[in-house]
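First, one chain by itself in structure tokens, the form predicted on its own.
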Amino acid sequence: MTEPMDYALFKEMMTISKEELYLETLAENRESIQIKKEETIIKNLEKIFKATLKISNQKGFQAMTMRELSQEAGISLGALYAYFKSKDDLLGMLQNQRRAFVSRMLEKEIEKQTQPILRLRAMIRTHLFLSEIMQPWFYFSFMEAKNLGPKEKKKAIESDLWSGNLLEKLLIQGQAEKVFKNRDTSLTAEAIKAMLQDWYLKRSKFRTISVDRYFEFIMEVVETYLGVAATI
């Protein structure tokens, strides 16, 4: 058993990891990015992605113009095109690395645990805390899914299925080890996902609730339903 991690500790860990995210984006797109200085690339990618999410979450990605992006990011139009050739390229850059990062973080935290309930807690806690730190991106990915082109829509569906399947796998493992009651694992996984989505889609409902308290609430519900005594 490892020491339980609250949101403050998780956020501190993520501060260290954030630069890795932009370094991965650079490595993935090195041939198309025309800027040589790594420090400049990382700084401007952060500005571009933040501006993209802000504008898109206000009016939609498809409605966003490059001029609006330029003004919000504080980067000239010409300089923007040194990072990507089109809005579709920008979308791919924004989505691909973040999906990969979230998946890797979930797997990393789950692998630290050996007991079924602690693995499930790690999955739920990591997803919830990531969605708190990266709320604009989680919201963007959910809301824009219906407007994506075929290629990006396929990736979005695959990502959604992956997280659901991972939750179900953990539930099945817990049942196999006689730790969880026999429940419909597919429905249980979807119910957990719905609670997780509520946090980043309907934030106004939780103005007086901390992310740590919401995590404990989810676990109280899940552990009671699965017939598990409080573990931590």
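The first residue of the shown sequence is 1; numbering continues from there. Only a predicted model underlies this, so the values are computations on that prediction, with no experimental measurement involved.
There is another form of this protein, the form predicted in complex with the DNA, and it is not shown here; the text below is about that form.
Contact annotation: of the candidates Leu118, Met143, Ile133, Ile75, the single residue with a non-hydrogen atom within 4.5 angstroms of the DNA in the predicted complex is Ile75. Scanning Arg207, Lys37, Lys202, Lys181 against the DNA in the predicted complex with a 4.5 Å heavy atom cut-off leaves one residue, Lys37. The DNA is not drawn, but in the predicted complex it has a heavy atom within 4.5 Å of Met64.
Within this chain, Arg104 is remote from the site of the DNA in the predicted complex, having no heavy atom within 4.5 Å. Within this chain, Thr185 is remote from the site of the DNA in the predicted complex, having no heavy atom within 4.5 Å.
Though the partner is left out of this view, Trp162 does not reach within 4.5 Å of the DNA in the predicted complex, counting heavy atoms only. With the DNA left out of view, the stretch that reaches within 4.5 Å of it through heavy atoms in the predicted complex is, among 77 to 85, 122 to 130, 145 to 153, 94 to 102, 77 to 85.
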